[in-house]
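Only one chain is included here, represented as structure tokens and corresponding to the form predicted on its own.
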Amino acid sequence: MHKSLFAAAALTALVAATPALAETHRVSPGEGAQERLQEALILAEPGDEVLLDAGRYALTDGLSLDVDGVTVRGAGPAATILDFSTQQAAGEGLLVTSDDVTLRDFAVENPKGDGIKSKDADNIVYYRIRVTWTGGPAATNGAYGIYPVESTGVLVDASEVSGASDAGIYVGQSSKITVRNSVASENVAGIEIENSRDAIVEGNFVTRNTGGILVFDLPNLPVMGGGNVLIRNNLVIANDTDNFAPEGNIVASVRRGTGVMVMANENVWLQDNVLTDNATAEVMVIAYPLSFDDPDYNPYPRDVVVATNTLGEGSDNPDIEGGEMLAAAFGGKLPPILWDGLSEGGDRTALMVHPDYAGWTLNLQRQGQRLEEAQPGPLDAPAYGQGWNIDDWGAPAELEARLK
């Protein structure tokens, strides 16, 4: 009798000390999907999975998740579709504000604002996510498709975005980032890394955007000082869509036919990419062109390296003032690498280029100088030395385990 009581007490103590088992919250499309899905996202606890059955979910309002450690899993980006075509408010399709979240295997279509935004959400994974504005490029589309911001630890893998009126895949004010094996098409910017550090962008197919891959640093943001960005093994091809960004957006100034554009960033390395049929420039490196009043902001590019890449047949229809005359002056088309001529000076070199590649410079003399005052000429950029140690760049290794 005493033994039985002891065993029962021990079992009770063991149960009390053991964390609750993870649960699966299953949601199906159909009537009431908006309420049922949002309820599942609210009731989920750390470790739980919200399982979305295949089908089209007609949603009229945005969704939100604010619980750490939750996985939201669909049946695949072609099978589970969160359809926001009748969304009333202009917010995101899905907003995530918690850590250690995994989003995988579903699609978001036609959100009125951004597709999926995660803010202050560390160690987040986007895997096999599709965000599409099905009507094609339009200024009325949402700004960003996949939109992690102010986070440490971001992995975007095997995803696809088209139609964003700013950037398809945008990572801002963050660190420890990997964007890979994804497709960005018919956005203003295909992939954008902005005011962020320690990023790897690799294995992506970026085509028919206005600009392919942008690496920017902007003033007057809570996090500045972008840098340490590796761009490798990407296909950046025929980014030929006219700029459709709403007037006033910084990307509204991106020229049609820009392959990779680096602005006011440091330590950016381009290696083993295929850049071809980008009509203005395969690679463009410039200083921030506008006036600013932030004393901590550095508007110049520093240590940008164009290493061994395949630079193709672009630069033949530049979307710049006097482009036709410039192309004629260079023998029919412009060299593939464009630099505005501006640098910080001192020990920091703006641009280093493989000796086999040709380029040209605008020879601007001061930050903010008008393009009309350019004095174009051939580029004479120094060669680069050894590769850099990138061991601390990219998403943390533990995020990989969630892809299984």
Partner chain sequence: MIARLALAASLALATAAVAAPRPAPVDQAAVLEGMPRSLSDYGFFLGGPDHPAETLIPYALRNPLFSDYAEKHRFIHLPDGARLTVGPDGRVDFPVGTALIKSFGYDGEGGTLDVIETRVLLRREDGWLALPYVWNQDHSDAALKVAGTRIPVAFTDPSGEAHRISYAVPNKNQCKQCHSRNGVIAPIGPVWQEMVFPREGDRERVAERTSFPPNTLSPSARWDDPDAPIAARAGSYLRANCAHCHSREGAASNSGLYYDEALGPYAVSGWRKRPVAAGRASGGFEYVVDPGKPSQSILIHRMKSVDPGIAMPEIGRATVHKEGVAVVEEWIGTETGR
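The structure displayed is predicted, hence computed values, not measured ones. Residue numbers count along the first chain shown, from 1.
There is another form of the same protein, the form predicted in complex with the partner chain; it is not shown, and what comes next is about it.
At 4.5 Å between heavy atoms, is residue 182 in contact with the partner chain in the predicted bound form?
Close contact is absent here: in the predicted bound form, residue 182 is far from the partner chain, nothing within 4.5 Å, heavy atoms only.
Within 4.5 Å, heavy atoms only: does residue 249 come near the partner chain in the predicted bound form? Result yes; residue 249 sits at the interface with the partner chain in the predicted bound form.
Contact test in the predicted bound form: residue 113 vs the partner chain, heavy atoms, 4.5 Å:
Residue-level check for residue 113: yes, a contact with the partner chain.
Original post:
Going by a heavy atom distance of 4.5 Å, is residue 224 a contact of the partner chain in the predicted bound form?
Top reply: Although the partner chain is absent here, residue 224 would stay clear of it in the predicted bound form, with no heavy atoms inside 4.5 Å.
For the three residues 65, 166 and 290, which mark the spot I'm curious about, does each lie within 4.5 Å of the partner chain in the predicted bound form through at least one heavy atom? All of them do, each having a heavy atom within 4.5 Å of the partner.
### Message
Can you work out which of 88, 308, 253, 134 has a heavy atom no more than 4.5 Å from the partner chain in the predicted bound form?
### Response
Checked against the cut-off, the match is 88.
| query | Though the partner chain is not shown, can you say which of 49, 53, 344, 61 has a heavy atom within 4.5 Å of it in the predicted bound form? | reply | Of the candidates 49, 53, 344, 61, 61 is the one lying within 4.5 Å of the partner chain in the predicted bound form.
- Query: Any idea which of 33-41, 336-344, 375-383, 350-358 reaches within 4.5 Å of the partner chain in the predicted bound form, heavy atoms considered?
  - Reply: Every other range fails; the passing one is 33-41.
_Contacts with the partner chain in the predicted bound form, stretch 132-171 (heavy atom within 4.5 Å)_ = In sequence order, 139, 140, 141, 142, 143, 144, 147, 149, 150, 165, 166, 170 come within 4.5 Å of the partner.
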